[in-house]
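Take a look at this single chain, the form predicted alone, given in structure tokens.
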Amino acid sequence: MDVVEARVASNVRVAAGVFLLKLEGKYSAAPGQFYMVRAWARDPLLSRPLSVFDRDENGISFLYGVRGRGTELLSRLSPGDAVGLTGPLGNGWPQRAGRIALVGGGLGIAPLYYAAKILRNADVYLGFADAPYLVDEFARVAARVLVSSETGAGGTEGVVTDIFRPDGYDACYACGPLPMLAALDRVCRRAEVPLHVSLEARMACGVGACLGCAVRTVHGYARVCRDGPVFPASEVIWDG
């Protein structure tokens, strides 16, 4: 797949080590899909997989955390700088009717905003380690936003699974750390609410060629980049 050059519209720090990168231009993407993003020629070698945070007629945006050299280079970008994009990639959230809950932990909130914007009437549960961010943005597109933080700053003290109850929902979409997703799977199974999870994994190619992002499922190994990143939680082997 070709690399498309885009220009930075803005690159704003929204929390410590967390940035919202907006690129100018017209792009396609379904909620839950991702792009491979790079702002360098050869070093580091690989592009970085970033979930689509939002998309409209003026551009596309990505929420990312600074976790290594690649994302540190992204954090230095300024308006007008060039970025290489490959995508959209992967399979996004399923299209289901009814009352939907979106549950995100940490940077796992990244693929939920665009979903909330498209669904229009979803309830959103956001969990943070410390002070929350982008809550007002979610409130503009969601029916209801509930927030937790481990420090109690800006929300109910605890983790997001403490404030989420699946009863009454027709489906739940979630992204975040694996222990959080595994805990959600248990409570959603008891309530018989379908849960779909977006898995995070280190990726090299982003198109299923290198098998570097393989995860175990009830059907065997699956590639997060090509078979996911969204999977039915009932198919994921959490201790694999």
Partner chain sequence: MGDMTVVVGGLRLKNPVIAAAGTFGFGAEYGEIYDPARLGAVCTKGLTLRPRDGNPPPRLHETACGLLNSIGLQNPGIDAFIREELPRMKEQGITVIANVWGDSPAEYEQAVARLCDSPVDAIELNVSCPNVSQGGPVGEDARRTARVVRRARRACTVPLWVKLPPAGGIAVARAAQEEGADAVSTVNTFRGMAIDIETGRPVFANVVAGLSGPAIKPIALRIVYELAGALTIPVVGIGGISDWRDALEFIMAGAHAVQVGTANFVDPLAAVRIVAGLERYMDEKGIGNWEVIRGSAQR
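Positions refer to the first chain, counted from 1. Here the structure is a predicted model, which means the values were calculated and not measured.
Keep in mind that the form predicted together with the partner chain is missing from the display, and what follows is about it.
Only one of 30, 183, 205, 171 comes within 4.5 Å of the partner chain in the predicted bound form by heavy atoms, so just point that one out.
-> When the partner chain is considered in the predicted bound form, the option within 4.5 Å is 205.
For the chain seen here without its partner, which of 209-217, 192-200, 174-182, 22-30 has a heavy atom within 4.5 Å of the partner chain in the predicted bound form?
-> Result of the contact check: 209-217.
Indicate whether the partner chain has at least one heavy atom within 4.5 Å of a heavy atom of residue 51 in the predicted bound form.
-> Judged by the heavy-atom cut-off of 4.5 Å, residue 51 is well away from the partner chain in the predicted bound form.
With a 4.5 Å heavy atom cut-off, would you call residue 43 a contact of the partner chain in the predicted bound form?
-> Residue 43: contacts the partner chain in the predicted bound form.
Residue 86, heavy atom within 4.5 angstroms of the partner chain in the predicted bound form = Because a heavy atom of residue 86 falls inside 4.5 Å of the partner chain in the predicted bound form, the answer is yes.
Verify the contact flag for residue 55: yes if a non-hydrogen atom of it lies within 4.5 Å of a non-hydrogen atom of the partner chain in the predicted bound form, no if not.
-> Close contact is absent here: in the predicted bound form, residue 55 is far from the partner chain, nothing within 4.5 Å, heavy atoms only.
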